[in-house]
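Take a look at this one chain, the form predicted on its own, written out in structure tokens.
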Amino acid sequence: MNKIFEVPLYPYRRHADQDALSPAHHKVAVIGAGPVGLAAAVDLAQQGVEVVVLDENDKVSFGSRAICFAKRTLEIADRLGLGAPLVDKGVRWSIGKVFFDERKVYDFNLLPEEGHKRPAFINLQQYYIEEYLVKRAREIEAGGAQIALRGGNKVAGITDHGDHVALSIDTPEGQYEITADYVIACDGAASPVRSMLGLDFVGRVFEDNFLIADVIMEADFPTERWFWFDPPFNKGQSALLHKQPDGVWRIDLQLGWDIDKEQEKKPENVTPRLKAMLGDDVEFSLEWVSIYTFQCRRMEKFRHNRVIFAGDSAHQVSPFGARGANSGLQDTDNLAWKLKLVLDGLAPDALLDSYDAERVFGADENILNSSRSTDFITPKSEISRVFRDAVLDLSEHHAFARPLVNSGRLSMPCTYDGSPLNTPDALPLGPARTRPGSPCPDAALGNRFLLDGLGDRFTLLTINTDAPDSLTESGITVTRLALSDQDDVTGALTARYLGDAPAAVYLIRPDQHVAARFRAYDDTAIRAAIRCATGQDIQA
């Protein structure tokens, strides 16, 4: 058993807030010290926002839980200061294989193009993500950031007073209260905060269950994602295999709906299923076992005045597709810079409504893809199963059928089409993949990469055209990153940002989404785009 589960990383310690005569006040309180809550706290603290993290636990999650972290998440992690350790520890992969019965019907490459700093995916147990985020929080705290991790602090009550939020917190030494300008609820799918506020999910719960087993073994399977439809070792169902660090393998086995979950989790019932898959001669041990039910649901709104929900507390999707933790990190990446501007008085409170608009849009996209995956993996009628099996048979020899196969469309970053922060596209010859609202794709620039140059601030990216080195509008300072054809040694910059246009000017948000793009620098248009991107035009 991995001992990391047993080590308190943020143990309970009595704090001065518990002895205060009146409730201490904090800028932001984050509830939940999972990957999403910790990422939100680190992001805010790096920007100089005082933040406290409250969790009734004091250590990392038990079991691998989320394991597949997408390139976009790794790019966010770079801006949080922990991309390198994640990639160094994780298992890199980009190839997936799909099997029907015992036949491999086809394989795919999730990142066939060159010029990206980070791989398509890494597999890494969630407890490592949490450990590295805690270490990063300690590191920036030592550097002067105001970030406090409080284990053994369970939020027992929450009241939104309009201009602040009051929290009642239970500890081993009794209850105390604090207040905060804003609260970010990252307390998981069963979110107590959501329940305390009388809020709920809308969506679907699918009638199927899957067994997750973290198996320690020596095996010569390649570092790929393998998915089986109707395999001989789990007839009529499906299975998934992933490699993780430390000799741990993730195996998912479909069980069906009418099962006894507690019985199915017992080692004496799990082991025969794994032997049927791996063979009697393979030696293995169980590290962690769980059962999950497919759910595709979300809150109707993620922002409730000064209480804002992120990650699983705001939305749930089925695990196939790696959309849970990855979308949660995109939530915090979207929220933190906006909250910073609002707290600094540089943007109206209404800017936070764009978090709701953009991330609800992203959740709906994830739920749509996840629901389609679930319907394909678990057909609900005999005719649906006949159609699915015919598609799988055709995909072995005919490329046209392969896009119809859905073994879990894997996580992709969301493009915020229709966002109130977008300026209408003014680069008609530009590539569609970098239209306003899009996440910036990386590009190799000799011995450096574009996304590293963009960083976590508002940036004016100019290609083959001139502009001021910096400008300030409505208190927002925008710095220029000037590039030309001479920097584009691989052609990636042209392909991804120019297309058929000879030059371009991009306004990039701190979360590295495109806010606006133009043919050339126009001071009036750029300033208007900055105001738009910071919510100055949003009506409260």
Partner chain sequence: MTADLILTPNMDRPDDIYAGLLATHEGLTKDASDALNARLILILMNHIGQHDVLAQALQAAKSPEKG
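Numbering follows the first chain given and starts at 1. Note that the coordinates shown come from a computational prediction; the quantities given were computed from them, not determined experimentally. We call the rigid core whatever largest set of C-alpha positions still superposes within 1.5 Å between the two forms.
This protein has a second form, the form predicted in complex with its partner chain, left out of what is shown; the following refers to that one.
Pick from 460-468, 106-114, 400-408, 340-348: which stretch has a heavy atom within 4.5 Å of its partner chain in the model of the complex?
That would be 400-408.
Just to be sure I understand the contacts: of 202, 142, 190, 386, which is the one whose heavy atoms reach within 4.5 angstroms of its partner chain in the model of the complex?
It is 386.
Tell me, which of 196, 412, 394, 217 has a heavy atom within 4.5 angstroms of its partner chain in the model of the complex?
After the contact test, the surviving option is 394.
So in the model of the complex, is its partner chain close enough to residue 95 to count as touching (4.5 Å, heavy atoms)?
No, residue 95 sits far enough from its partner chain in the model of the complex that none of its heavy atoms falls within 4.5 Å.
Considering non-hydrogen atoms and a 4.5 Å limit, does its partner chain approach residue 255 in the model of the complex?
Although its partner chain is absent here, residue 255 would stay clear of it in the model of the complex, with no heavy atoms inside 4.5 Å.
Find out whether any non-hydrogen atom of residue 390 is located within 4.5 angstroms of its partner chain in the model of the complex, and reply yes or no.
Output for residue 390 is yes: heavy atoms within 4.5 Å of its partner chain.
Core-superposed C-alpha of residue 161 shifting 2 Å or more between this form and the one not shown
Where the cores coincide, residue 161 shows only a C-alpha shift between this form and the one not shown that is less than 2 Å.
Core-aligned, does residue 103 move its Cα 2 Å or more between this form and the one not shown?
After core superposition, the displacement of the residue 103 C-alpha between this form and the one not shown reaches the 2 Å mark, so yes.
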